[in-house]
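Take a look at this single chain in structure tokens; it is the form predicted alone.
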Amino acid sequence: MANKLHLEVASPEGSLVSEEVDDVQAPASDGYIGILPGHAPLLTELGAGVLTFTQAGVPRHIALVDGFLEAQPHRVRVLASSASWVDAAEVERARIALQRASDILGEHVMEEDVEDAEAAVAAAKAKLDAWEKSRG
């Protein structure tokens, strides 16, 4: 369809989405980008955040951590290091992970631990943001 995008979202865990959508907003490494049908070809790196897409006027949200997005005029492909739908159990795990990572960052630790903790904070925040957006 000329007024739709075919969205594909996959991670090492498997495929999350392969559907026709109205639009896509994605967390590029340097800020969020919006993609509508007819978008110019684009390849960009993704950061941690929330992928939002609309189907029949209803927004849906997926938590993403890093990866790549390829846009064509009528197709968007997302290959993420991690991608997940967020439910209540996932939110509780994200809150615990965020607290642990924040505790690590508050201590004097090795550089590798800081990088791991910062990555955990980004992933947890993406999940919590996706949950908040899905709740309206």
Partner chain sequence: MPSLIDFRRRIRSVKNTQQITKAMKMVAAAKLRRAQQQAVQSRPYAHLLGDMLASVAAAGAEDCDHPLLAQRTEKKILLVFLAGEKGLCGAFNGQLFREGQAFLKAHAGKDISFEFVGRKGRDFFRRRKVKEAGEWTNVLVSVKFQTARDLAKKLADGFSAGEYDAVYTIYSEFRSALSQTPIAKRLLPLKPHNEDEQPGMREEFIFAQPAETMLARLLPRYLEIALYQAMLESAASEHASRMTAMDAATRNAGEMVDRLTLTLNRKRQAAITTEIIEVVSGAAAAS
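Numbering follows the first chain given and starts at 1. Predicted model only: the values in this text are computed from it and were never measured.
This protein has a second form, the form predicted together with its partner chain, left out of what is shown; the following refers to that one.
Scanning I62, A101, A71, A48 against its partner chain in the model of the complex with a 4.5 Å heavy atom cut-off leaves one residue, A71.
The three residues E8, S11 and G14 all sit with a heavy atom within 4.5 Å of its partner chain in the model of the complex. Proximity of P41 to its partner chain in the model of the complex: non-hydrogen atoms within 4.5 Å are present.
Heavy atoms of R77 reach within 4.5 Å of its partner chain in the model of the complex, making it an interface residue. Using a 4.5 angstroms limit between non-hydrogen atoms, Q55 is distant from its partner chain in the model of the complex. None of the heavy atoms of S84 is located within 4.5 Å of its partner chain in the model of the complex.
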